[in-house]
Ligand code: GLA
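Take a look at this single chain in structure tokens; it is the form predicted alone.
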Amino acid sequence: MIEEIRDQYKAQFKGEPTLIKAPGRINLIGEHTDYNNGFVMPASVDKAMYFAIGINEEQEDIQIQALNYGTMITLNGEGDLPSWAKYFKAIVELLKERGVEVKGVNCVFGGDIPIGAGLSSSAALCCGFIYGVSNLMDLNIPRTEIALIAQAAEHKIGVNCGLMDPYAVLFGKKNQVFRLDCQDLSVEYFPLVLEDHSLVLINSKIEHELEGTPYNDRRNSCESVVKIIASKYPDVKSLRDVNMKMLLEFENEIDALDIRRVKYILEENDRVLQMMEVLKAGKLEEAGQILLRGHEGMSKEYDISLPEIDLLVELAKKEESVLGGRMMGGGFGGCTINLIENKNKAETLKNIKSQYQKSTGILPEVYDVKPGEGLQIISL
């Protein structure tokens, strides 16, 4: 695809562009823990957004073409913008707040990240464009700062997300996952040794659009509980500082729904640490069980799953070659991530797809994913 994007740039604009690959990401375990200063376990994957970006020396407009949509916009122009262009607009505004005026930029982008499937195409889009502008204008913005700008752009759009997605896009390594501590942003890498198993995403084809969903409502629940607990424990700044005993002290002061949601976050942090240990020990069957427990928490406690997603997990549990699976991403649609034995993988996936289609009328898509390199400049 990158060749097509480069060729389209050269046909549309003058000059030789810089080519950038910004990967999507998976998250093995640790959902909604990032904005609570907890632990997550993501990886960059071998699906990506690609950018061809260069200087427009003839005018000061920012011209962006979305290859997948067949749409060209002028960011400095007037009028309504398509939803994808709002991310670029937010980035330009955020850079301006930092004293950087972005002018005279041409960009063509596209990719093979399934939109709405939970692989964080929006973080890849934001990080890729910020990195491209930084490179073009010799800004030398550190990757940690790029992550913060990308997060701020998502917030401007209306998704009050954490730092996991941009960090996964920017700091991934081939054949490795990493534990990100969202409190101090420390990273610990370790190999993902699957041997005769694969990570397979099954796309429910229910697209999730986190803007306008109860995603932000979940964050509000967590923050309201922190305020209540901090009234007695002033050192509590986030749910990272809260334990189960502390939470239960306030059982009569906190809404039962919020108690349930916070319980999920505390348990999910523990699951990330458990996953670290079982992967280091090569205990893949135990890793599968952690995935299943994670899904149970998302579905029954944090309430961010959907019937179609729950169905995919239940169908997978019935297959002997599936060690475990769960919903992946912010919720309300998207993919499940499944740990499957290679030996019977094709037949297993055929069964799941057939039964899901029979129940929902929707034929799901499946993607094998492997941890890949983070954001990088590439050459052809």
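Bear in mind that the values here come from a model prediction, so they are computed numbers and not experimental data. All residue numbers are counted from 1 along the displayed sequence.
Quick note: we don't show the form predicted together with the named molecule, though the next part is all about it.
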Check: For the chain seen here without its partner, which of 33 to 41, 351 to 359, 57 to 65, 310 to 318 has a heavy atom within 4.5 Å of the named molecule in the predicted bound form?
Finding: 33 to 41
Margin query: Exactly one residue in Leu284, Cys161, Ile259, Val236 has a non-hydrogen atom within 4.5 Å of the named molecule in the predicted bound form; which is it?
Written below: Cys161
Note to self: Just to confirm, with a 4.5 Å cut-off on non-hydrogen atoms, which of Tyr87, Phe250, Tyr215, Phe171 contacts the named molecule in the predicted bound form?
What the structure shows: Tyr215
Checklist line | Proximity of Gly329 to the named molecule in the predicted bound form, heavy atoms at 4.5 Å | finding: yes
